[in-house]
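Next up: a single chain in structure tokens, the form predicted alone.
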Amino acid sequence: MTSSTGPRGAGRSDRVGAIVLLVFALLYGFEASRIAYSFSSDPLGPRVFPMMLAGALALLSVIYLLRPGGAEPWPQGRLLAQSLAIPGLVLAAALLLEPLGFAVAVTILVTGVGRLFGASWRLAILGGLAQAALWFAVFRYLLEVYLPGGAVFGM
């Protein structure tokens, strides 16, 4: 059964998304309001841009909450598992960043995403290693950002 806005239950999905975004905007705005700045900084200070982002996201979330558009139905079965696996891989990579290091965490993340998108184990691992090496070089040598080497490896 479909309605004028899309499949049944689609408006509910939009509203759930709008509420999640609104909560995120409020939390982001609260944290942005806590940014301390010195008197010698520019007249606006460092919290203006994050506060503007939080305000814009909150406004758009409320509009989306009140006027949801059409949406696809929630995925089922294998597609749902794959959709939930990606944030799970990101969370796993974030949790493994300190103990195993940047390179290993990114390799695991990219290898897992590659497998989810149908790559063979060989290609997924090669892609993971290549991406880890590329981003390690970009962050460490071009941007000069510290990256954890991994507590397991004594770094």
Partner chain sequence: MDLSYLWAGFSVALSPLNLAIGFTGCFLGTLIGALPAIGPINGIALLLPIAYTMGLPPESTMILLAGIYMGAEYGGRISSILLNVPGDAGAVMTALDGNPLARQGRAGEALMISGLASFVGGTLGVVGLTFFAPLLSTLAIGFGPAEYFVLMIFAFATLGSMVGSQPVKTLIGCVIGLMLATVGLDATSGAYRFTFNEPELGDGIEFVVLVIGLFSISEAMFMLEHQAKGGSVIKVAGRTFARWADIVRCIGPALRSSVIGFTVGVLPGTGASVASAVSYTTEKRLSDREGTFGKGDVRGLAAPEAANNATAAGAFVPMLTLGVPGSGTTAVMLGALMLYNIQPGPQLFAERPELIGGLIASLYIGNILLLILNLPLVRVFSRVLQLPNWVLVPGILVLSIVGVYSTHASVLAVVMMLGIGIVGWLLRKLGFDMAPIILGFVLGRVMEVNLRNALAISGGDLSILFQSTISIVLWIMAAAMAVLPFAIGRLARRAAAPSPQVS
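If you superpose the two forms and keep the largest set of C-alpha atoms that fall within 1.5 Å, you have the rigid core. The structure displayed is predicted, hence computed values, not measured ones. Numbering follows the first chain given and starts at 1.
One more form of this protein exists, namely the form predicted in complex with the partner chain; it is left out here, but the text below deals with it.
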Close approach of Leu21 to the partner chain in the model of the complex, 4.5 Å, heavy atom = yes
key: Contact flag, Ile35 vs the partner chain in the model of the complex, heavy atom cut 4.5 Å   = yes
inquiry  = Can you work out whether Leu129 and the partner chain are in contact in the model of the complex, taking contact to mean some heavy atom pair no more than 4.5 Å apart?
reply    = no
message = Does any part of Gly114 reach within 4.5 Å of the partner chain in the model of the complex? Heavy atoms only, please.
response = yes
request  = Using the arrangement in the model of the complex, list in sequence order the residues of 83-112 with any heavy atom within 4.5 angstroms of the partner chain.
outcome  = Ser83, Leu84, Ile86, Pro87, Val90, Leu91, Ala93, Ala94, Leu95, Leu97, Glu98, Phe102, Val106, Leu109, Val110
ask   = Rigid core fitted, then: does Leu91 show a CA shift of 2 angstroms or greater between the shown form and the other one?
value = no
inquiry  = Is the shift of Val20 between the shown form and the other one large enough to count as movement, that is, does its C-alpha move by 2 Å or more after the core is superposed?
reply    = yes
